[in-house]
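Single chain ahead, by itself, as structure tokens, in the form predicted alone.
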């Protein structure tokens, strides 16, 4: 396959790029970290420095690309809100990195996928979108926006026979989660995450979520009355403090 992966210089994106390359697929690895890109290039990948927050430059680059069969849109970041000061610039920054970059990526890859074989668009969201979580006003909102965007896109392009999947991971050991100061139950390695994502992509699942013993708990909690969840989550926050 001809595969394009954004956010490929660290974490899940990097592991996916390496694993698909080792399985003899042609991989374009996109990111902003030049040192990491050089390392991927040395492994034989097509490593491209591209800032998806620079909309005009990104759109121009996508027009130079050849057709692809699989696009994995993984670029993103995570920042948490620390009250009592509500930082609107933090929210703007997270939405720009996660949501606007996703939109730019979709705009760029759709014409390429339309020319591919059995085209498949995969967007990496988060299980944090399942229900409101403490300090996730920015990150959770961005992932909820991505979920809505992808589910709606799936409806609107179904006639084009482009499969659309959403990835909703739990905690995965990456440079981003290494900064977290709270407990991360059932955290997986990037190798385990890559394996689960690639298997889900192979089966063309609508939603790829893992580890299921964690994500099913979140899904179940999202079904309880909101007033009850608020009491539960507030108690959890009080216990942490």
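Owing to the predicted nature of the structure, the values given are computational and were not obtained by experimental measurement. Residue numbers count along the first chain shown, from 1.
What comes next is about the form predicted in complex with a small molecule, which is not displayed.
- Only one segment in the set 74-82, 130-138, 149-157, 106-114 has residues whose heavy atoms sit within 4.5 Å of the small molecule in the model of the complex; it is 74-82.
- Although the partner is absent here, residue 172 is a contact residue: one of its heavy atoms lies within 4.5 angstroms of the small molecule in the model of the complex.
- Taking non-hydrogen atoms only, residue 8 approaches the small molecule to within 4.5 angstroms in the model of the complex.
- Contact check for residue 18: every heavy atom lies farther than 4.5 Å from the small molecule in the model of the complex.
- Proximity of residue 33 to the small molecule in the model of the complex falls within the 4.5 Å heavy atom cutoff.
- Residue-level contacts in the model of the complex: of 39, 69, 192, 51, one residue has a heavy atom within 4.5 Å of the small molecule, and it is 51.
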